[in-house]
Structure formats: C-alpha cells, structure tokens
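Taking the form predicted on its own, here's one chain by itself in structure tokens.
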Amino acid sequence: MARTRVTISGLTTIAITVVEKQGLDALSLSSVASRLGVRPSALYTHVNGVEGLRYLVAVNATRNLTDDIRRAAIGVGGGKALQTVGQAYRAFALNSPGQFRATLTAPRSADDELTKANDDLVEVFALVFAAMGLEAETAKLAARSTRSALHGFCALEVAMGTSADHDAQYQHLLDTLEQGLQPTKD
C-alpha cells in the first residue's frame, strides 16, 4: 500500500473544507486526517495539535479575506472603494462563516504569521483611505477602526444570523464611515 504524502497545502485545503462544511468547532486532527487518508499522527509534521491546525486555518482565512477585499478595491476609488471593500468584507463573512470565525483567532506574538496576515488586511484599508486623500498616519488609524467596525458587525451577524434589516444597517454603517473619513479641507 502506497503511503500518502501530506503537504501543508493539502492539509490547509482540507482543514478549510472541514471548517466551511462543519464549522470551526468541528475541526480536529481526526477530521482532517480521515479526509487525507492518513492517521492523525501524520499531521504533526506540519501542525502542533488541534491548536496548530486552528492557527493554520486562521492565517489562511485572514489571507483569503485580504485577497477578497484587495480584489474588490482594484479599479475603484474614493468613497466608492470603501463601499466596495466593505461589501466584500461582509460577503466573505456571510459566504465563508467558518473561515470568518477563524479570523477572530488571536495572534501568538507581535511578529507571527497571523499578525502579518492581519497587518496585510489593515494595509488594504489604509491604501483605500490614502487614495481618498487621508495622510498616511490618519489612513492607518482609519484602517484599524474601520476594520474593527466592519468586523464587529459581521461577527455579530454571523453569530446571530441574518435578518431583513441587516442590509440597511450595514449600509448605514458604511455610509457613516465614508462620511466621517472624508479628509477635512484646511
């Protein structure tokens, strides 16, 4: 019988599939190993237990979210860019709730892979705000606060379920952020 070679890429793909189909709480070494056709012990080459597996998913989910909002921002400027990025953020949360929940994972240190992935995510927002005319430092502050606002709304929506008035509430949030982040004229 041929041995199955486990790669970090294959492991990540299967872990994200488990998270999307069954939720973050269902993620285990056994659930991933069985889909890969190996014993759970084979995964320890790449991850340090279930926490390492969850961390791997968190890093990749954050990168996937960043990629989605970066694609949304391409070719769009000004306040329209904030609207587009904000809608992409929410779409990721609603369409990939398992991955979105994984993005709530805390980094292990100030310079680990998850911290870097989160910094890249904030940088997309900062670029959007810089393109709107905000100074670099103000754009960075706006990026962090906007990400917090959008993430909080989406986290509550994913946890509690969508309702008919959430679209209007989210649009109001985006409009308020856009209005508040317009550069002031001296």
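One rule holds for the numbers: they count along the sequence shown, beginning at 1. Since this is a predicted model, take the numbers as computed values, not measurements.
FYI, the form predicted together with the DNA isn't displayed, but the following is about it.
Only one of 155-163, 64-72, 23-31, 124-132 lies within 4.5 Å of the DNA in the model of the complex by heavy atoms, and it is 23-31. Using a 4.5 angstroms threshold between heavy atoms, V50 counts as touching the DNA in the model of the complex. The DNA in the model of the complex comes within 4.5 Å of no heavy atom belonging to Q182. None of the heavy atoms of A117 is located within 4.5 Å of the DNA in the model of the complex. Under a 4.5 angstroms non-hydrogen atom cutoff, the DNA in the model of the complex has A42 among its neighbouring residues. Exactly one listed residue, out of H151, H46, R35, R144, brings a non-hydrogen atom to within 4.5 Å of the DNA in the model of the complex: H46. Residues of 80-113 are not found to place any heavy atom within 4.5 Å of the DNA in the model of the complex.
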